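Quick setup: one chain, the form predicted alone, written in structure tokens, and binding and motion questions come after.
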Amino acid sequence: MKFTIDRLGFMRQLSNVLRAVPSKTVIQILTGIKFDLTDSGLNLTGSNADISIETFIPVTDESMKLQIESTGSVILTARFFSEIIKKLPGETFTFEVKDNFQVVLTSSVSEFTVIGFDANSYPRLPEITDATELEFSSEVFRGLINQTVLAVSAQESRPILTGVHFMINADGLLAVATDSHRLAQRKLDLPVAGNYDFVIPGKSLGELARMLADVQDEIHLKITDNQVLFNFGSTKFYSRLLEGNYPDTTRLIPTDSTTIMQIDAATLLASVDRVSVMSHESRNNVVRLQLNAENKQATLLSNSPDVGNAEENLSFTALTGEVLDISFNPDYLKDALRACGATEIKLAFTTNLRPFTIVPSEDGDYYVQLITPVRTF
């Protein structure tokens, strides 16, 4: 096996695959990257058992300057290999497999010999061939991930809550995440035949969203019983699905309210960020919001017995309903406001002990977040 390729272009492709490679694992071979060179191009594969990423560099891509002398396959330890490629001096490098899977890397005046491994020892990726394929805008799907994954649970005690629940039917796509303290729900209009119900780990979706940041292509989705495949450009992203039944969240979102405040999301985010400087110094990390529609006052307060207290009056667009004094985790609200982006939002409350909702004023039918208050009195 021997080829020459553009070093910087190769590094860009390699960086995607490295996202799936663990630094430590009980399956030692997964700390490596699999190289599979055919007459049509070079395929790179990385996996950590939960996600697997494949990217293909075709010989027809002139920008990659891929020249193939002989085909074959091998595995190299990812960490050492990527560091070497970063530091090579030339614009291109040559990759040659010698006897006993020894790999010689040459570039300009540099030459490295690296121990490789038999590619047959690498786990086979799942075959997803007969599954129905769905198509999304990569930008829209990345937005959906960022608006929901913030609410997945970090606690493995309830593994199903560490993922985002996807329900797809004739009405469209509904994605929901909750850690039992907050909830994020996003809808997409997606005419599709058939019904799908599956849960993708939040960590997998986080990596996928980062990869989609520079992607302009459409993203294609295939689902099987225990795997999902995202295909975009020359990259394939596999993720396992979480097993179990996701809890019914439809009853959690209030349908009525007694107090409503409309405010610019960026304005509220800046205020909560300032006030939470004090709350972060306290044991409970709690911020209070006091609303009085009659006096047209909205005030944020926080207190730390060891440091001091903070108070800030809010400039809102509209405030209606009953007097309210509610406490909550400010970090949850900050995450929610960042996910809403630069827009006006509506916060709807029922009582100081019931969850409240945050919805964008112009997108309220498609996106909603829910935060459970903290009992402080």
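The first residue of the sequence shown is number 1, and the count goes up from there. Predicted model only: the values in this text are computed from it and were never measured.
Beyond what is shown, the protein has a form predicted in complex with a further copy of the same chain; the following relates to that form.
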item	value
Contact test in the model of the complex: F80 vs a further copy of the same chain, heavy atoms, 4.5 Å	yes
Heavy atom of A310 within 4.5 Å of a further copy of the same chain in the model of the complex	yes
Partner contact for E218 in the model of the complex: a further copy of the same chain, 4.5 angstroms, heavy atom	no
a further copy of the same chain contact at V109 in the model of the complex, heavy atom, 4.5 Å	yes
Segment assignment from 298 to 306, 120 to 128, 220 to 228, 147 to 155: heavy atom within 4.5 Å of a further copy of the same chain in the model of the complex	298 to 306
Interface residue in the model of the complex among N195, N245, N284, T113, criterion: non-hydrogen atom within 4.5 angstroms of a further copy of the same chain	T113
Residue among R210, K98, R274, R251 with a heavy atom within 4.5 Å of a further copy of the same chain in the model of the complex	R274
